[in-house]
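Just one chain is shown here, as structure tokens, and it is the form predicted alone.
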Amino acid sequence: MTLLSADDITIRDGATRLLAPVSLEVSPGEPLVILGETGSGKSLLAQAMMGTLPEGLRVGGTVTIGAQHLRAEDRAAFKGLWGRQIAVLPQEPWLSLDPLMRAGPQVAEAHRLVRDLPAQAAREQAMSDLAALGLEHAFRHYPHELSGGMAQRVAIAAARAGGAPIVIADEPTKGLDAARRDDVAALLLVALAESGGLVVITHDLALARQIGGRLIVLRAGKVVETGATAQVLADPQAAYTRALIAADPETWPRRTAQQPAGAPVVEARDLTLSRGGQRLVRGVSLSLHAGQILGVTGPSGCGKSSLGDALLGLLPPQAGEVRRASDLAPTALQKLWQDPVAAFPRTRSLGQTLGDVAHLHKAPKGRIDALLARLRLAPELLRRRPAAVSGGELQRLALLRAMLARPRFLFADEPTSRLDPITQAEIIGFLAELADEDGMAIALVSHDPVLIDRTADQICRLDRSVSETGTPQQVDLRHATA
């Protein structure tokens, strides 16, 4: 029995082919993992199977969902199946959550409208769903009051509420620490046992190993390898698959620490921060100089993003103080947002937005083109709107935009959470170059303690019970994501 099949799915943007003919099947009890680099076509394939491709892209092929045989181009035919026969856990929670509704009612609404539960039963089930994901306190919070990882878990609860027999999870663990990643993997496997069909789209090798089942490796819109997940990851045959596995941060050399010189660009003294009435950071002190990289790590929701907002002057401290170099212009402090989709205007092309930023900051002619090449981004992406590019591409475009302002301090909030290991290594290398060659001070947030250990000159580890700052040798990262 086959729950989901896709036959000869192709996607084009004008004359450009984004996805070569791809076929797949999903059987009960055997998950399918689709692994590949950022921009390889993983999310486009998922959107084609859901009938949710952005307007302007042409799709061909057929999709069979249960007993329903659908032409991929007939997008309207898919709508009646959403939530009931097939559900998606989206890559970007900000695109799936209603910003005007609190988290709990959004999950309850899915139970009420899709599963026809009475209002009180739907509310109780929503509370249970959120509690199972460690979000008991988030029931009455709006999406903007949640961290990226928390918003992702709310989106997971809402998507699963309808009880669809087929679940497509698009990068379900981006931005989550290792413990939460394991929780989500376990939740997805429970959904498989209950519902039958599971497709996981990811660049996370650890998640792929946990999910198991069968594996498809995509690169530049083409299948380069397929087989049992455990077998492919243990003995990859394609050169690209081998390179993907070899790019894991465990293989990186540790960065040569830069010694502080001159006055700090930004420093914090005995800092305490709260958000939404909840205390997140207590008694943190740090000092960041030009050319240094500060690694910030800790479990989801511990206050990493809030620390960055305080350093940038966007969040007033509850106690303590933040000092910034007196000669810093306001635009010399820049932030890479954890969810770049929320930071770009949705109705304008990316080229228009970047052109405006370049004009505002008097960037040299050709600066955008040079950065596009350095970040391995195709120039044609500038013609699209944010919703028509992958999360990883948008993350790199956000970095490009920040560089147009020539910042002296950059707070990079999970800048590689949507990137495959190869692209992640390239972007972290680019940030290291900005520190070493341009003297930029960088605070780098990551849920990956190994990445932080290899990259940072000093580390700030945040936890709900303890916070510590020091060199990689001084700070114990073994429990950074416990």
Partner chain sequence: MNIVISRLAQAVTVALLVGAATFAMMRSLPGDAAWRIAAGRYGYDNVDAAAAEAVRAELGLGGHWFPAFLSWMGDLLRLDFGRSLVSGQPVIDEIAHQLGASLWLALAAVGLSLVIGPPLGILAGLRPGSLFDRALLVISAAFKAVPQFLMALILILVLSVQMGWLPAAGYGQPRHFILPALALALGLAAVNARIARDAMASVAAQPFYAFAEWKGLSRAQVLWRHGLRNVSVPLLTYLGLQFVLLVEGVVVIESNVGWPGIGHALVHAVFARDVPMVQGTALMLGLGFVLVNALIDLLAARIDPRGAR
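Positions refer to the first chain, counted from 1. It should be emphasised that the depicted structure is a prediction, and the values quoted were computed from it without experimental measurement.
In what follows, reference is made to the form predicted together with the partner chain, a form of this protein that is not presented.
Asks: Heavy atom within 4.5 Å of the partner chain in the model of the complex: which of 375, 114, 189, 247 fits that? Just give me the one.
Replies: In short, 114.
Asks: Select from the listed residues 90, 295, 301, 197 the one whose heavy atoms reach within 4.5 Å of the partner chain in the model of the complex.
Replies: Selected residue: 90.
Asks: Does residue 98 reach the partner chain in the model of the complex if we count a contact as any heavy atom within 4.5 Å?
Replies: Flag for residue 98 set to yes.
Asks: So, in the model of the complex, is residue 158 in contact with the partner chain at a 4.5 angstroms heavy atom limit?
Replies: Answer yes; at least one heavy atom of residue 158 falls within 4.5 Å of the partner chain in the model of the complex.
Asks: Hey, in the model of the complex, does residue 212 get a heavy atom within 4.5 angstroms of the partner chain?
Replies: The answer is no: residue 212 has no heavy atom within 4.5 Å of the partner chain.
Asks: With the cut-off set at 4.5 Å between non-hydrogen atoms, does residue 165 touch the partner chain in the model of the complex?
Replies: It does not: once the partner chain is placed as it appears in the model of the complex, residue 165 has no heavy atom within 4.5 Å of it.
Asks: When you measure heavy atoms, are 52, 79 and 83 every one within 4.5 angstroms of the partner chain in the model of the complex?
Replies: Verified in the model of the complex; spot residues all in contact, yes.
Asks: Within 4.5 Å of the partner chain in the model of the complex, counting heavy atoms only, one of 139-147, 251-259, 224-232, 120-128 shows up; tell me which.
Replies: Contact-bearing stretch, as computed: 139-147.
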